[in-house]
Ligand SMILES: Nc1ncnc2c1ncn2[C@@H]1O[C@H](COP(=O)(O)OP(=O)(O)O)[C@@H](O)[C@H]1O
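Let's start with one chain on its own, the form predicted on its own, as structure tokens.
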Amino acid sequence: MEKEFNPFLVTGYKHADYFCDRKQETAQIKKHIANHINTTLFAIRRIGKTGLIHHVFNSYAKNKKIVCLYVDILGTKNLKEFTNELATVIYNRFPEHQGIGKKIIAGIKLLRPLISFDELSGNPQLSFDLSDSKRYEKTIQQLFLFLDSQNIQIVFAIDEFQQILEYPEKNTEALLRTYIQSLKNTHFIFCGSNQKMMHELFNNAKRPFFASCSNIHLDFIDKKIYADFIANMFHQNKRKISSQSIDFILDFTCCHTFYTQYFCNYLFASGGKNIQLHHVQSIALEILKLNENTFYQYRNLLTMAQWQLLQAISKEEKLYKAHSKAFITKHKLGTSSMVSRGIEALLEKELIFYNTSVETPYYETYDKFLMRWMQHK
């Protein structure tokens, strides 16, 4: 018997039928693509930016005049690894037996890459063994020019773009901006999960990428829209779920995409056919218990003062006045300077984030399950 497909995806992208909303953002990105505008996508971690990019790209799957490329550079540490990732993505996207693919692959091979194969996927991986960073700079430029010289529109999404700020080659940012602004048929979507670094890259008037893109901020999905999506997914699979159960899930996860999908995936996998409030409450406790070892590891990475501050922020859920006497006294956090140092450390470790995309900014715990576990404890 074929195993029932779980419609609540936690990783990857399958089809538009399993993708919730983002209609406005999808339309805006496609408008930018149609008008040859580079886009910066600002989003906190695990809210669905990568899924959105793949959702947009999926709509061009049968379009022969637009080719979409996606690369995640989070794992790269320098210009060499960045170059290798770009070359690999381009090489794997264009089949060598097709006309345009034959041209691009031939052009890449002129750069004399080393071609190996990934042990898990079997896909080719390209790498260049060049003597210095200047040659890698030239190779990047040539890769972009190979793409741009074809009679098609290229849309290149570079995920976790803020990683270039970590490269030892300090001129990477300026070089990329120089190369990109000269391209005519190739346009970009830049996105990243470190909001502070992304804003520094694109909104600082002293940086090369300032005012070079149109910005889109990805917010939480509307609760009503998400509720309808969840109910529909269960209904399509001949299951019932009460509205109270859905409300509990969305409140528990704060409508944060990853945690909502994870909860619903876990709930769907439990096999219930008529889901009521007590079922989802039980699932919530199971999820917290399942992740408890990870939560204790977080504690071991922090000082006692940082852990206590994280607990306090979790209990507040949205912390608007971090240095207020009322907040510090309520949670026995010591002094305002101690709170400042603690917040800086928690932001650095990405255990909390500062949401500046709203009228009144606030601090919030990133991991919603960790937040609920701390509240439960």
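As the structure is a prediction and not an experimental result, all values here were calculated from the model. Heads up: residue numbers just count along the shown sequence, starting at 1.
The same protein also exists as the form predicted in complex with the named molecule; that form is not shown, yet it is the one meant from here on.
Contact annotation for F248: none of its heavy atoms lies within 4.5 Å of the named molecule in the predicted complex. Taking the partner from the other structure, the named molecule in the predicted complex has no heavy atom within 4.5 Å of any heavy atom of I343.
Put simply, K315 is far from the named molecule in the predicted complex: not one heavy atom of it is within 4.5 Å. Taking the partner from the other structure, the named molecule in the predicted complex has no heavy atom within 4.5 Å of any heavy atom of Q311.
Put simply, of T186, T139, T172, T257 only one has a heavy atom within 4.5 Å of the named molecule in the predicted complex, and it is T257. The contact with the named molecule in the predicted complex, taken as any heavy atom within 4.5 Å, belongs to I47 out of L333, I47, L69, A322.
Residues of just one listed stretch (39-47, 348-356, 324-332, 57-65) have heavy atoms within 4.5 Å of the named molecule in the predicted complex: 39-47. Along 6-25, residues L9, V10, T11, G12, Y18, F19, C20, R22 each place a heavy atom within 4.5 Å of the named molecule in the predicted complex.
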